[in-house]
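Next up: just one chain, as C-alpha cells, the form predicted on its own.
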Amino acid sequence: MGKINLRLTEVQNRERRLGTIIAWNGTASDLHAQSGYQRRGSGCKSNKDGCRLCEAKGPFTQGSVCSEQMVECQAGNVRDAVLIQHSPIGCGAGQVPYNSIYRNGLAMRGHKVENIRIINTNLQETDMVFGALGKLKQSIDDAWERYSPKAIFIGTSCPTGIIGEDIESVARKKQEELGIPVIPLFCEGFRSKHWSTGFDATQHGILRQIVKKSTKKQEDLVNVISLWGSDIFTPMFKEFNLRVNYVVDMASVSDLEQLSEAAATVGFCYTLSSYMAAALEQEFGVPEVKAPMPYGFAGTDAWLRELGKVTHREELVEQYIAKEHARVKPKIAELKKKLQGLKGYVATGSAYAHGLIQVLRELDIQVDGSLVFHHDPVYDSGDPREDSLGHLIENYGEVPSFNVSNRQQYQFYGLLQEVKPDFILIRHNGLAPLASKLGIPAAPLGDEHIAIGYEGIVNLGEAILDILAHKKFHDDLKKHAKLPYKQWWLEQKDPYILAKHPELIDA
C-alpha cells in the first residue's frame, strides 16, 4: 500500500487508493480471489482488460448517497464544532435525519442532548456565475458568533467544485483571524463513486489540522473509531483497565486532539476506520490493532488478543475471553434451537456485512446471499490480518450469492428472489420497504454496535426473533403491494443484465 499523504489538502479517493468497486456479482471466494490480499504484486489474473477488479457497471443509478452526506454525519457530529455546507440548500436535506440520529447518539453516550450544528450557505444560480466566497465568509462569522465553536469544518459540494471556489484561502485566513482550526473538507459528490470516501475526507481534515503532534502518551487510552452506537466498549475495556476515546461521532475537539496520545486504535468496521487508523500509526506512532473484526467467537478472540498484545494486557484478556465464552455459550445454544432452519440475508456496507454474516453463522443460520454497497479489495494498512472477507470465508465458509450493488433496488429484487431468505439484516433502510413488499421482514440495525463481541451474538439472535414475531404483517403487505417494475424485469434471472446489455433499458 502507498503511504497516506497528509500534506495534501484533498484526500485521495478510494477508487485510486484502494481499488474500490460498487458493482459485482459472483461468490464470496471469487471476489476474494480477485481482491488485493490475494493479488498483492501479481496483477489481475482473471480480468482481460487489465483493471484491478472489474465492475458490472450499470447504465444508471436508482439511488444512493454521496461523500458530502458522509461528511455531514461525521464532521457534523463533533459536539463543539460547526460544519458549514458550502452548497445549495438541497444538499442540506440530510440535516433532518442526521439531527435525529445525533440527538439519539448523544443520549446513548450520556451527553447533553442538543441539535446538530450545521449551516448551509444556500447557493443560488447567481452564485454559480459570480462565485459565493462572500457567503462562505459570512457563514463562518455567523457560526463563530452563534456557537463559539472550537473548530469549523467546511464541506464542499458538486456546485462549488464545478465553479472552482477557493475554499482553502478563505479557511486559512479565517483560521488566522479566529484562532481555531478552520478545516476544508473536499467531498464533492462527483469526486468519488462511493460515499465511503466521505469518511476519509473528514478523517483527513481532522488528522491534518486538529490532532496534536505530541510526545505525551496515555498508556491506558484506546481510540475507538465508530459512529453513534451504544457504549459497549467502555464496560468491555474496563475489564482490561483501559479507557475509551470515541471518535469521530459524538467526540469533542479535545477528544480529537488527543488521538495521537493513545496506546492503540481499534474500529468496529474497516470501511469506517481504515484511513484514520492507518494514518495515526504512520504519522503519530499510534499502533492500529490489526486483527479480524470483533464478530463471532473467532473474530472476537483474535481481536481481543491483538488488543491485549498491543496494550500489554495479555493475561487480563485471556481471563475475559474464558469468562465470556462460559457466560454466553448456554444462551447461544438456546437461541440456536429457536432459530433452527432459518435463512438470513445481509445488506449493509462492505466490512460490516462480513462481520454480520459471521454472527449469523455462529447462530447456525443459513446465509446463501449478501449484498454489500461497495467492496474495498484491500484496506489502508495492507495487513492481511485485516482481510475481513478472507476471514469470513476461512472460518465460516462460502457465500454463494455475494453481490456488490450501491443500494440499487431494481437489483435487490432479483437478488432476494434468488436466495429467498426468511429475513434480512439491513443498515441503510432504503432497501427495507422493497423486502417488506416481498413478505420479508427486515431488522434495521440503527445501533451499529448490536452484533459486536460475545454479547453481540446473543443480541443479534434476539433481534431476529423480535422481527420474525411480526412476519404476518409483512405477509399481509405482500398480498396487497405492487412493485413498480415491468413483468419482464420481475421474470429476469440476472439482476446485472442491464450492465451487460444496457440497450434493454427501454424494453
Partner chain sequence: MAVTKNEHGQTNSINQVRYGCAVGALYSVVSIPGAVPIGHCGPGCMDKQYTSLAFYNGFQGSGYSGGSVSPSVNAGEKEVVFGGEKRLDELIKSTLKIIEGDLFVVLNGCIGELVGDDVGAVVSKYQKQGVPIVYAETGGFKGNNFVGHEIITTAIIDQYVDKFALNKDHREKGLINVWSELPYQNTFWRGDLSELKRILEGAGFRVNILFGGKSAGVEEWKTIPHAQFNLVVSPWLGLKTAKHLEQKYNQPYLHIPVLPIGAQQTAAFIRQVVEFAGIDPATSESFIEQEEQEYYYYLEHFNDFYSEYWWGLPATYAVVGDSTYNLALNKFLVNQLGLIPKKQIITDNAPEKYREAIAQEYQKLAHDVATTVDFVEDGYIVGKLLRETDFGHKPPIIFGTTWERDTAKALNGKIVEVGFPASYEVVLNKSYIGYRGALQLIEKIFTVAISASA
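Numbering follows the first chain given and starts at 1. Given the structure is predicted, the values throughout are model-derived calculations rather than measurements.
This next part talks about the form predicted in complex with the partner chain, which is not shown.
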Is it the case that Ser64, even though its partner is missing from this view, gets within 4.5 Å of the partner chain in the predicted complex, heavy atoms only? yes
In the predicted complex, is there a heavy atom of the partner chain that lies within 4.5 Å of any heavy atom of Glu125, even though the partner is absent here? yes
Should Ile118 be counted as a contact of the partner chain in the predicted complex, where contact means heavy atoms within 4.5 Å? yes
Contact flag, Gln408 vs the partner chain in the predicted complex, heavy atom cut 4.5 Å: yes
Quick one: in the predicted complex, does every one of Cys158, Trp489 and Leu498 get a heavy atom within 4.5 Å of the partner chain? yes
Partner-proximal stretch of 285-293, 359-367, 305-313, 137-145 relative to the partner chain in the predicted complex, 4.5 angstroms, heavy atom: 137-145
Tell me, which of Glu318, Glu398, Glu114, Glu177 has a heavy atom within 4.5 angstroms of the partner chain in the predicted complex? Glu114
Quick one: from Asn99, Ser214, Ser254, Ser169, grab the residue that has a heavy atom within 4.5 Å of the partner chain in the predicted complex. Asn99
Partner contacts for 81-99, taking the partner chain in the predicted complex and a 4.5 Å heavy atom cut-off: Gln85, Pro88, Ile89, Gly90, Cys91, Gly92, Ala93, Gly94, Gln95, Val96, Pro97, Asn99
